[in-house]
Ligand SMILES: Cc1cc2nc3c(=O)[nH]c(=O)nc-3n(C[C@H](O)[C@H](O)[C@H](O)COP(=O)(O)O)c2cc1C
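The form predicted alone is given below as one chain in C-alpha cells.
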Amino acid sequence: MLKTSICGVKLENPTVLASGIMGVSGASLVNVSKNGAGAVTTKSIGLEERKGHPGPIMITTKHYGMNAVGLSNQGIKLSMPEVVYAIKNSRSPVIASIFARKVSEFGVLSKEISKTNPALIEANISCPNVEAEFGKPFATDPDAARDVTKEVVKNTKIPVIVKLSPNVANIAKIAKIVQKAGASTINAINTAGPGLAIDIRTKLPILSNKTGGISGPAIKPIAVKAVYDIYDSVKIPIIGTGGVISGEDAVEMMMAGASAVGIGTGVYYRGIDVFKKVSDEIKVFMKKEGYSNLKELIGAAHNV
C-alpha cells in the first residue's frame, strides 16, 4: 500500500530522513532505517572537514525549529566509510548529500561519493545559514543552479536530486532549469529564512550565528505550495520536505505532487520513530478514504 519509488529506487514507504544531524554517522542512518524510514539521507558532505558554527546552533518551539549548524561535517575522505557502512547495513536506500563552495567542487564530490554507490546523490545548493561565508546560495540563481546540476550529473552515473530553496520568486522556474540540466529528482524545500530569535531577558539573539534556517510546522504551507507549483512544471519526481510531522501532513504533501516526503525536525516533535508513526497514519487515512496505493494520492490536488 505504501510503496513508492524515486528514479527507479524502491522505497517501502514514502518517508525520507532529510539531510541533517541524524545522518552524521553510518550507525545513526541505520538506526533511522530501523525506525521506519523509507530512505535515509546523509548529513551534507563537503570536500574538507568543517566545524560549523559554535553553539547554540538550534532552537525549537511548538511552532517552528531554527538552526544554524553551519554545514559541519568531517569531509569527504572520512565520510565515505560512514556512507559505505550505512549502505551495507541499512534496510532503506541511502541518499548521499553533498555541498560545496564552488561549482567545480561539486563535480569532485560527485565523483568521489559515487565510489560508495549510494542509491541517489543529493546536491544541497540551498542552505540559508551560511550566506555570510558562502555568498548567495546557488539555488537562488538560475544560472548557478543549472551549472551545479550539470557538474554533478557529469561526474556520476547515479541519479541526482537537487535540493531547492524557498527563498526565490519562482521555484518552479528553477526546478525546470535543473531538470533540463539533468536532475533526476527535485527536493523541495530546504529550510526557509534565515530567521532571527531574540532572548527577551538577555536581549540577545539566541543562536550564536544570530540567524538560522527555519523548519518545522511553520514552513509546511510554504513547502506544500512549492511542491504544488513544481509538480506542474517538471516531469521528474519530487521529494516534499518541510513541516511534515504527521500522516495527514504527508498526505497533503503528496496530493500537492510529492512522490516521497522528507522528515527532519519531525524527529524532535515525535521521536526517532516518527517515520513509522507517519507511515501508519498514512495507512489509516488511505483505508478510511478508500485509497489503495500511493499513486492515487500523488498529485491528486491537481486532478479536481
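Start at 1 with the first residue shown and count on from there. Not measured: the values here are computed from a predicted model.
Omitted here: the form predicted in complex with the ligand. The next part is about that form.
Look at 215 to 223, 102 to 110, 200 to 208, 84 to 92: in the model of the complex, residues with non-hydrogen atoms within 4.5 angstroms of the ligand sit in 215 to 223.
Distance criterion of 4.5 Å from any heavy atom to the ligand in the model of the complex singles out 44 from the list 259, 44, 279, 33. For the residues 39, 238, 254, 263, the 4.5 Å heavy atom test against the ligand in the model of the complex is passed only by 263. Although the partner is absent here, residue 171 sits far enough away that none of its heavy atoms falls within 4.5 Å of the ligand in the model of the complex. Contact between residue 69 and the ligand in the model of the complex is found at the 4.5 Å heavy atom cutoff. Under a 4.5 angstroms non-hydrogen atom cutoff, the ligand in the model of the complex lacks residue 139 among its neighbouring residues. The ligand is not shown here, and in the model of the complex it never comes within 4.5 Å of any heavy atom of residue 272. Along 173 to 198, a non-hydrogen atom within 4.5 Å of the ligand in the model of the complex is carried by 189, 190, 191, in order along the sequence.
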